[in-house]
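Below you will find one chain, with nothing else, as C-alpha cells; this is the form predicted on its own, and questions on how it binds or moves follow later.
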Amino acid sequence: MKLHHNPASPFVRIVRITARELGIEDQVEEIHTGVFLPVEAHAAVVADNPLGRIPALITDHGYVLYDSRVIVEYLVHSAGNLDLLPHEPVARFAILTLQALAQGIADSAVSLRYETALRPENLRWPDWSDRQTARIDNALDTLENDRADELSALNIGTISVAAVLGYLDFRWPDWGWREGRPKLQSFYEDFAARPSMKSTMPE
C-alpha cells in the first residue's frame, strides 16, 4: 500500500496512528507530498485523488481510497482487527460519531489555519474565523462534558480525537483548549504517550 501524506495534516495523522496501532505500518509506504497548498493542485496527488486532497491510499490492488475515514476503515478490515471498529451496531456507531466529531474539529481547524496563515490579510473574514473557533470550542466542550466516558477505549474515534488535539497544539500552542477541560487533558496526556503518537508527531 502507498499513502500520499504530509505529517502536518491531522487527517493524515489519524491514518498513520491507526496503521501503527494495527501493527501494519510496515505495509504502508508513506509518500511525502512536500509543501501542500490549498490553492495549488499537487500533480502526484491529483493523479490518484481527483479532489487533490490528502490522505489518499493506493491499495495493493491499485485501487485508490480517500478520505481518512474510508482509509482507516479499510486498514481495520485489512488487518482483520475489529477492536478499533467493531461490527456490533451500538458500539460501532458511537465510535463513528466520536470520529465524526473529531473530524469536524479538524475540518474547522485546518480551514482556520488556511484563513489566518495563507489568505492575504485584506481578504480575511473575521466573522468566519470566529465561527470556526466557536465550532471547535463547542466540540471540545462536548467531548469534555458529554463524551469523556468514551475516551477510555482505543478505537478510531479516540485516535481521531487525539490526532486533532495534537494538531491544535501544533498549530495553536496558545489556544488553551485544556483550560476547564480536565478530562480531555487527562485523556490526551495518556494517549500522547503511546508509541503511535510519538512516532507520528509533526515537526
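Residues carry their position along the shown sequence, with the first being 1. Because the structure is a prediction, the values reported are computed rather than measured.
A second form of this protein, the form predicted in complex with a small molecule, is not displayed here; the remarks below concern that form.
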Look at the stretches 119-127, 70-78, 106-114, 89-97 and give the one with heavy atoms within 4.5 Å of the small molecule in the predicted complex. 106-114
Contact between W177 and the small molecule in the predicted complex at 4.5 Å, heavy atoms? no
Contact label in the predicted complex: F36 to the small molecule, heavy atom within 4.5 Å: yes
Spell out, yes or no, whether the shortest heavy atom distance between H42 and the small molecule in the predicted complex is within 4.5 Å. no
Heavy atom of M201 within 4.5 Å of the small molecule in the predicted complex: no
